[in-house]
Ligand SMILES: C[S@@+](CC[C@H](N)C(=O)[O-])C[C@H]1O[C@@H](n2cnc3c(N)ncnc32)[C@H](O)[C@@H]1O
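One chain follows as structure tokens, the form predicted alone.
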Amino acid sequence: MAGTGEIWPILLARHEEIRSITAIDISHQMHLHALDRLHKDRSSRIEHLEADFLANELPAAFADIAISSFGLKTLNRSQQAIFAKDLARILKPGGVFSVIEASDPEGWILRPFYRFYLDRILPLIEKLFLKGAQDFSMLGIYTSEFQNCSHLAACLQDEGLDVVQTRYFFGCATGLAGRKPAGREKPIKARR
């Protein structure tokens, strides 16, 4: 789910205390491509773990910070619960997390145009110009099924994490940020 790591340079620049990033992705080729194309000067600070995050073997209390950018929409509700459990397990007490995902902006007046773009235009662009790469053709289906981050927020809360949910771009994306309480602090309820 690490993909090509577009967020890594920002993370490393803003947090000088971060010594290394462990990128978890099922595809080793994706990681090699990311290092070659975007991260040559940072490659010594980025370790790749070729694994399915939903079945990873990272130790408990491993991470100070966990991020996911646009890697959750393919997870069904059961998988979101597994993701939440593993995220809570690998975060250190006091550790923080942030996720963002493309979403279905229900209630937005321009939603029909947004849906048309995701469902019809992006697949056509991909077919005509990207040689059928199928990077975007499923985006409409995924966002329709995923809806938004609300279910994941509830799963994370069930695991004892503090969670704040935010809508971006009129709901075309939703995000969650929060932390694992350090010690016996009472978790904060999710806000919408």
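Residues carry their position along the shown sequence, with the first being 1. All values reported here derive from a predicted model rather than from experimental measurement.
There is another form of the same protein, the form predicted in complex with this ligand; it is not shown, and what comes next is about it.
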Answer key: of Leu130, Ala51, Ile141, Leu58, within 4.5 Å of this ligand in the predicted complex (heavy atoms) is Ala51
This ligand in the predicted complex has a heavy atom of only one listed residue within 4.5 Å, and of Ser137, Gln157, Ser69, Gln147 that residue is Ser69
Which of 149 to 157, 24 to 32, 58 to 66, 163 to 171 lies within 4.5 Å of this ligand in the predicted complex, heavy atoms considered? The stretch 24 to 32
- Message: Is Lys73 near this ligand? Define near as a heavy atom within 4.5 Å, in the predicted complex.
- Response: yes
